[in-house]
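Read on for two forms of one protein chain; each stands alone as structure tokens, with the labels structure 1 and structure 2.
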Structure 1
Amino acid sequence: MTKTLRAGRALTYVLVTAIALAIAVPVGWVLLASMKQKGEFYGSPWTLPEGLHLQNYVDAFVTARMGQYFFTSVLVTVLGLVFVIAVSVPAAYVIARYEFRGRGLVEVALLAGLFVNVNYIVVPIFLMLVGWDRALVDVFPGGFFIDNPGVLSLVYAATSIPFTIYLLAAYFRSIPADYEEAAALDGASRFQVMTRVMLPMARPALTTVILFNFLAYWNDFIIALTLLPGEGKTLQVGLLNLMTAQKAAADYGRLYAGMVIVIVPVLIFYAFIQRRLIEGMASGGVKG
């Protein structure tokens, strides 16, 4: 039995190490390639760069306008997270804790929303927004709903609300009602109970939905390409334009620098949010 456990543990370590290398090696290769000059790409792809050619990042950030696209992506992602959390937290709390007429229908509708792939409804959303722009052409001659980062963030939030509410409501139900009763006896209002008692205890679930939604918003391509057809593109769409331009110019250093600009914020955010998630789970276990 002991040998079987050791063999299983060794196999687990091997698989985890292989998966980690499968992720780390391409990321490290892109990082090194982003520091190469144009002539270095004609040799072996595994050779180290001759020096730190950081001009690739300057060219990608300024000349290729990746800096502008970066700001647009940050704005859209932050607004989307604010919108979805502001709507989903109170909605999930009410669904989890209060009885009201039609609650079952609301839950069924939210569950149905989990099975809708947003990429399949991009065209209807686009046509709907175009119709609204046409209806308001006298008020907004240049259009309002299309090519608007705020509207894009609302679309992101709206399409991720079912998943967010479902996960938060399930976690709220797992928290004993004794905490709410004690807070109510102390004179706390329903809003105070939700924000000061339930929300801190639901930190692991809240951190999880923030992480998943951040990755979905940041890495989105189809919706951003459709709803932001103008100059204010997101990083993913801007990276496609950069790739097309640099392939024609055979300047791959700038292309890989653009990839690093896209990847690094995700890695930093994930490292930060992962620590918060572990801390929240530990604190939740102590309180339980």
Structure 2
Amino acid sequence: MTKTLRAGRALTYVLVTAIALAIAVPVGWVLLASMKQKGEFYGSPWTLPEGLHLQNYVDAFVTARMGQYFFTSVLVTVLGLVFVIAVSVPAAYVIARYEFRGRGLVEVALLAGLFVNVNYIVVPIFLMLVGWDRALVDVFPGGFFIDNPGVLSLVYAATSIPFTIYLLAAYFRSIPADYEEAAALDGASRFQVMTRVMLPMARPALTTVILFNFLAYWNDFIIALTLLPGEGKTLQVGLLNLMTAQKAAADYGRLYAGMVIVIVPVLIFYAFIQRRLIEGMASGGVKG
């Protein structure tokens, strides 16, 4: 009995370790390969780089413009988060706390919105923005809506509104109404009750939606690819371009360095917030 139990346990370790290695090895291999010189890519992929060839990083940052794309990504992600929080918190609050006509309809529409993935509707969004640009060609001859990072972040915010409101409203409902009543008796306005009393209490839910939306915006590639067709790109689209270019040229160093530039910030972020992320998933942050 104990013998089979021990054998089973050993087998479990082997299995879980194998799966963990299958995930860690490719990522680690990319990190290593990013420091290889051109000639080192021939022969066995398991050879270690001969030295720390950091020129790949300089090339990726400057020549392949990954540095510039990095800042575009930071900009659209931060703006998107600001937009989505600014519009979703008040909406979630009144949905959770106020009776008004049409509330049922609003809730059903938002719930249905949870099932609309942006990949299906990116084409009409693109055509709509192109149409707006054409209509306003006299005011903005160069176009305004396409190739505008601000518009991209607005689209990010809009497409995550259902998820954000869903999560925040559920949390607001769980906060006892006594706090609001006490604040109202003390003469706080409705707006103050919302921002000074309820918002600070909703911090855990707020953190969850920020984390999940951050990852969604930062990692998005289809919307950015469509709405920023010009020179200004996000990191993800830049990496895709780098992939196509370096493969054609059979020059891998810069590509691997570019991959590391995209991977490492997210890994650091993840290392810091993993506990919260996993708690957030358990509390209903399930997002397809």
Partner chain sequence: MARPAERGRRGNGLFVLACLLPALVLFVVFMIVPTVNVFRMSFYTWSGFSPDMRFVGLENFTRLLDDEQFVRAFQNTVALLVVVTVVTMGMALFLAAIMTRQKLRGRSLYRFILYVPSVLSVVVIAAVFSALYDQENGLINGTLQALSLDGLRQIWLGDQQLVLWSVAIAMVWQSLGYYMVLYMSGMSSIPESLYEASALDGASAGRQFFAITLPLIWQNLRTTLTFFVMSAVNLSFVLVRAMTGGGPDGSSEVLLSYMYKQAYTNSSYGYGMAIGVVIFAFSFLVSLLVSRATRREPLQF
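Structure 1 provides the reference sequence; residues are numbered from 1 along it. Each form is matched to the other, and the largest set of C-alpha atoms that superpose within 1.5 Å is called the rigid core. For clarity, every value in this text was computed on a predicted model and none was experimentally measured.
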| property | result |
| --- | --- |
| Of structures 1 and 2, the form predicted on its own | 1 |
| Core-aligned C-alpha movement of A182 between structures 1 and 2 reaching 2 Å | yes |
| Core superposition between structures 1 and 2, C-alpha change of T195 at least 2 Å | yes |
| Rigid-core-fitted C-alpha displacement of V25 between structures 1 and 2 (angstrom) | 2.4 |
